[in-house]
Structure formats: structure tokens, C-alpha cells
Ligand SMILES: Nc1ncnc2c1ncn2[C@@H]1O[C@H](COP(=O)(O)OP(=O)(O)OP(=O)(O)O)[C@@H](O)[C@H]1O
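Form predicted alone, single chain, as C-alpha cells, below.
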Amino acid sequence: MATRLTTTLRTTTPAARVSGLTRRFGDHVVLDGLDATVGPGELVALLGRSGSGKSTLLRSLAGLDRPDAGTVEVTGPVSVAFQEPRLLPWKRVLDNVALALRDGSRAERRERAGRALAEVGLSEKTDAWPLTLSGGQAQRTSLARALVTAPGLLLLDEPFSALDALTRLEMHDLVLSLWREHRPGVLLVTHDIDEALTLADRVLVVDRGRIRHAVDVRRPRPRDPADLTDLRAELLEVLGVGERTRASA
């Protein structure tokens, strides 16, 4: 079956839908007829062991990797924030954010970029060079660049894994604040079960190239990890974590 990548602006459709998605690298099947959806305005977390196909799915949704079979449908613009901020060191912070924009004059693009930086609390860093930013500031800049295009689908590929614990919690609060304000569909790839349960409306577990389990997190925000122990135990069981490991996790 031929791969089809389409973009639709109908808000009644999911932010993203993949059907029968297959991706092979040589004889190794990474995605094996995977089906998944991200609803409009829904925040979905994707868990799975290394090599399970998480990042390949994200890259397929972003149009960065062409699957071998299946369909990929997304609503509106798609933006990605990666684990590494990927800022251009020879451009100032404001111009890094404005790079995501294609329409309007240079002055208009810079104005929109400035508003996006204000949303992530970096108005004072517009003229800074990327190498002068802290890790958290660099990720805030990356988020501003991802959101400045008003995406219908925001893809987050482990964007907090390299941050210290306190900065990571601050970034969690920021992402939830920006999500409430803009309401894109969000797919967050993470290895952190607590992060997934704290942030997401729904948690998907991918294994051997397919979605093997889904958990609806019907808990009000802000969430205390201590109140999520039942869902945490369920996900650990699905991920095949042993009793000894689970007790110390």
C-alpha cells in the first residue's frame, strides 16, 4: 500500500491520525502497521523502550521520514521541539524563533517572534546569542519557535530529558500553560512514566512497532505523582518492568 501524507484544515478531524503505518530499515521492522490518533487539543504521551518506534512515529508525523506503507494525516501546521534545541549559533534568539515563519515582512516576523518569546518568559533575551543561554532558556526558545506558527500539531521529542530536575518541573508547567493557551494537539515522546502521567490526557505504549496499550489519565491538573501510583503500576506492568525494579522506581 502506498504511503499517503495529507494535511487538512478541518477542525473536526483529529490533530493527527496514522493508519497501518509501517517503516522498515533493511530487514528490521520499526513500525508494523501502527494505528494511532491525537485528538484536537489533546495532549498525548508516548512511552516505550528504546528502539520501539517512538521517534520514528514522530518523524513520520513531522514529514521528516517517509513510511513504507500506511497513511499519515495531520491538521494544519506541524511543529517539532527536539531533545536538543537546535538553535543556530550565528543567529540571535529572536531571529532563531522567526526562522519558523514564512509569511509576512521581516518586521512582522520579528514582531511575532517577540510575542512568542514573551510567552515563554524570554523577552529580555531577544538579542542574546544562543550559546549564552542556559539549558532551560534554550528549550524555552525552542518551544517559542515551535509555537510561533500556531501549529495544529505540536510534536515534542524528549525535550526535557537533558535538563536538571528543577528546570524540568518548570518546563512542565510552561508546556501546560502554553497548551492551555493555544490548544494544539500534542504528542510527547518520553521515557519518563511520571512525566507522561503528570502532563498527558492519554498515555500510549508502543512496543514492537504497534500501540500495545492506552491509559486515559482522568485526573485534574495539577497532578501529584503520589495520586497516580495505580496508573504508574499499570504502565510499569505493560512495559515489563520486574517487581524488584518496580519497587525501587
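All residue numbers refer to positions in the sequence shown, first residue = 1. What you see is a predicted model, and the numbers here were worked out from it, not measured in a lab.
The same protein also exists as the form predicted in complex with the ligand; that form is not shown, yet it is the one meant from here on.
K.L.:
Given the stretches 35 to 43, 211 to 219, 179 to 187, 52 to 60, which is the single one in contact with the ligand in the predicted complex, using a heavy atom cutoff of 4.5 Å?
P.N.:
The contacting stretch here is 52 to 60.
K.L.:
Does every residue of Trp129, Glu170 and His172 put a non-hydrogen atom within 4.5 angstroms of the ligand in the predicted complex?
P.N.:
Result no, not one residue of the spot touches the ligand.
K.L.:
Tell me, yes or no, whether His28 is in contact with the ligand in the predicted complex, where a contact means a heavy atom of each within 4.5 Å.
P.N.:
Yes.
K.L.:
Report whether the minimum heavy atom distance between His191 and the ligand in the predicted complex is within 4.5 Å.
P.N.:
Close contact exists here: in the predicted complex, His191 approaches the ligand to within 4.5 Å, heavy atoms only.
K.L.:
Give a yes/no on whether Glu158 approaches the ligand to within 4.5 Å in the predicted complex, heavy atoms considered.
P.N.:
Output for Glu158 is yes: heavy atoms within 4.5 Å of the ligand.
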